[in-house]
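For reference, the chain that follows is the form predicted alone, supplied as C-alpha cells.
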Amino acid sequence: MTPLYAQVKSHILDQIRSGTLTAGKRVPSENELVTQFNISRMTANRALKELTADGFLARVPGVGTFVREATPRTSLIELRNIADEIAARGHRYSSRIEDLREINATPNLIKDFEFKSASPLFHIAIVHEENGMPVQFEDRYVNPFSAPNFLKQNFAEQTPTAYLLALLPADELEHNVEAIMPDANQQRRLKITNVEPCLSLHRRTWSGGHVVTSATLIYPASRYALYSRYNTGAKPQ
C-alpha cells in the first residue's frame, strides 16, 4: 500500500501538472492537509518537505508554501540569446553594463585567442536580469579584428550575443562547464550570498578561422540550469 505521505505528494503533483496549481500559487498548509486527508501533522510535513526538496515547492516561513516556477535553462549546444529565452517565457528582460572598454590581452587571453603576440581586445561585463532578478553574469572578450565596431554598440538595446550572431556566422564552439563558488565581485553582481554555488560556462567561438570571442557566463545554480540534447547518429534499436 502506498504510504500516506506519498499519496499526498502524488495529489499535489497531479494538481501542479494539470495546471490546477500554477507557479506562485499557494498550496494547502500542513493544517489544511491534516483536515483534508485525515492524516497526522508529521505526515503532512513530510509530504511538503519532500516536494520542496524535489524542487516543486518553495516554503516561505510565516507566509506559506507555494508552487515553484520551473528553473529556467539554456542550451549548451546552440548559441542562444538570453534576452530571447527570457522573452519566450513571457518574462521581462533587463541588463546592467558594468564595464565596456578596450584592454591589453593578458598571457591567458593571448592563448585563448590564439594570438602570436600581445594584442588589444574589447571587454564587456554585463549582468542579465529576468524580472529584475540577476540570472547571468557575462564576462566577455572580443577580437577587434572580427568585430571592430563592438564598443560603439548600444548593449542596453541588444545583447552582445545578438550583435555578434548578426555580424558573423559561428563556425566552431568550445564549451567548458564548472561548478564554482563565486568570488566577492560575482556575488555582488548576481546579488547572491557567499554560500550560493554557481555554474560557470566558458565559451570560445570561432568564425573564418579566427577566435571571435571568449566569454565566461556565470549562473546562480538556483536560478538557471544548463542542458543539451543532440542526435548521436546511432541507429534506433
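Residue numbers run from 1 along the displayed sequence. If you superpose the two forms and keep the largest set of C-alpha atoms that fall within 1.5 Å, you have the rigid core. Note that the structure is predicted; figures quoted are calculated from it, not measured.
As for the form predicted together with the DNA, it is not shown, yet the points below apply to it.
Within 4.5 Å of any heavy atom of the DNA in the predicted bound form lies no heavy atom of I192. Proximity of R101 to the DNA in the predicted bound form: non-hydrogen atoms within 4.5 Å are absent; the residue sits far from the partner. Contact annotation for K116: at least one heavy atom lies within 4.5 Å of the DNA in the predicted bound form. Although the partner is absent here, M42 lies within 4.5 Å of the DNA in the predicted bound form, judged by heavy atoms.
This chain is displayed alone, yet in the predicted bound form one of T65, S207, S200, Q187 has a heavy atom within 4.5 Å of the DNA; that residue is T65. Stretch-level contact analysis of 207-215, 176-184, 192-200, 23-31 against the DNA in the predicted bound form, using heavy atoms and a 4.5 Å limit, identifies 23-31. Taking the DNA as it sits in the predicted bound form, the stretch 2-27 comes within 4.5 angstroms of it through a non-hydrogen atom at P3, L4, Y5, R26.
Superposition of the core reveals a Cα shift of 2 Å or more for P61 between the shown form and the other one. Put the two forms on the same core and the Cα of V27 is off by 2 Å or more between the shown form and the other one. Superposed on the core, the two forms barely differ at C198: its CA moves less than 2 Å between the shown form and the other one.
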